[in-house]
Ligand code: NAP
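One chain follows as structure tokens, the form predicted on its own.
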């Protein structure tokens, strides 16, 4: 009897797990359960809309979904349509690949004000995620503060200052593109607690900021060190990457900040301490810092930036699911290298936290497949048949992978000349196309 496996979540870690199980020597039947009709998680809703090359990894996921042992159940939410315990009762193994879709908090006074929007929500808004279509961020502000010095922060800054023509070959929804085009935003401040050596963005992302049509990158040359200190404990590879970043930032410092109508300011050694205003954000108060033993230490000197929008981009966390042991401090499911309990496993960001790139999730999937085959030499539970019966009895609207391919073709057919697709941005729209 085949080993029946349910994978909850259809992002990279979920699909990499399905791929590994489909290639395993053991006989497995693999069901991918996704709460939205559209699959691919972070690829569709997290990668910046102007980074289409990165999104092409989903083509490999199409191959996995087409394997005879794999079936996709979209528009099915665990906790709404079926519980963790019910899945556990009908599958030999249940793998949680639910990611880390929530924002880490700044932990400073005022962050509950209207106008503070975490990066997960803001990125979801400009990527057409159904949960964030109605976000309506306040773009009627000349200054925007993006807190963070990673690739997500740089993506947000870049998307906020790009022109319509620069976004023509992206899949950004029109509601977001129009709002950005009409916005009052002229200066985006990227704020990092530590210095340029400690910044987490990659050089590829950083160099893009020098190629924008209507925006100049701005940095004070005085804060840039001559190089990475020899005593720094880092690998030769990391040292080379930091040196490249410093060289790019030095080139930014030579540019005329007034040569373009918009600017992205790279501000380091600046720690947010309070968000100012009444019910709405009116400004951000920051403390100047210095780096001591790799940590940002406050100097006692403060400054303020007037703004109506603050976007923290300082990391993500999961909130887990009812029925799973959860580490609130770490924002991950509690497991022993991916084994949660008998028959329960986790992979990806919900296992190890939001680190790495898309391909970093592949080893997690391979490890989970090995664990499942080791723990379950043979299958014994009904799996797919029981799931279909249970969901059918409850009137759940299941979306198959063939249905997704119909939606995919529809989005591509509705696209403009250069755009790869025009996204369907609500569940109702997606189901309407399928039912129409």
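The structure presented is a predicted model; accordingly, all values stated were derived computationally and were not measured. Numbering follows the first chain given and starts at 1.
Beyond the structure shown, there is the form predicted in complex with the ligand, which is absent from this document and is the topic of what follows.
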{"property": "129, 172 and 426 all contacting the ligand in the model of the complex, non-hydrogen atom within 4.5 Å", "result": "no"}
{"property": "One stretch from 89 to 97, 172 to 180, 257 to 265, 349 to 357 that, in the model of the complex, holds residues within 4.5 Å of the ligand by heavy atom", "result": "349 to 357"}
{"property": "4.5 Å heavy atom contact, residue 243 to the ligand in the model of the complex", "result": "no"}
{"property": "Partner proximity in the model of the complex: residue 162 to the ligand, non-hydrogen atom cutoff 4.5 Å", "result": "no"}
{"property": "Close approach of residue 287 to the ligand in the model of the complex, 4.5 Å, heavy atom", "result": "no"}
{"property": "Non-hydrogen atom contact residue 51 with the ligand in the model of the complex at 4.5 angstroms", "result": "yes"}
{"property": "Listed residue that, although the ligand is not shown, lies within 4.5 Å of it in the model of the complex (heavy atoms), from 344, 152, 224, 281", "result": "152"}
{"property": "Contact residue in the model of the complex, chosen from 249, 147, 333, 275 - any heavy atom within 4.5 Å of the ligand", "result": "147"}
{"property": "Contacts with the ligand in the model of the complex - residues in 105 to 138 whose heavy atoms fall within 4.5 Å", "result": "106"}
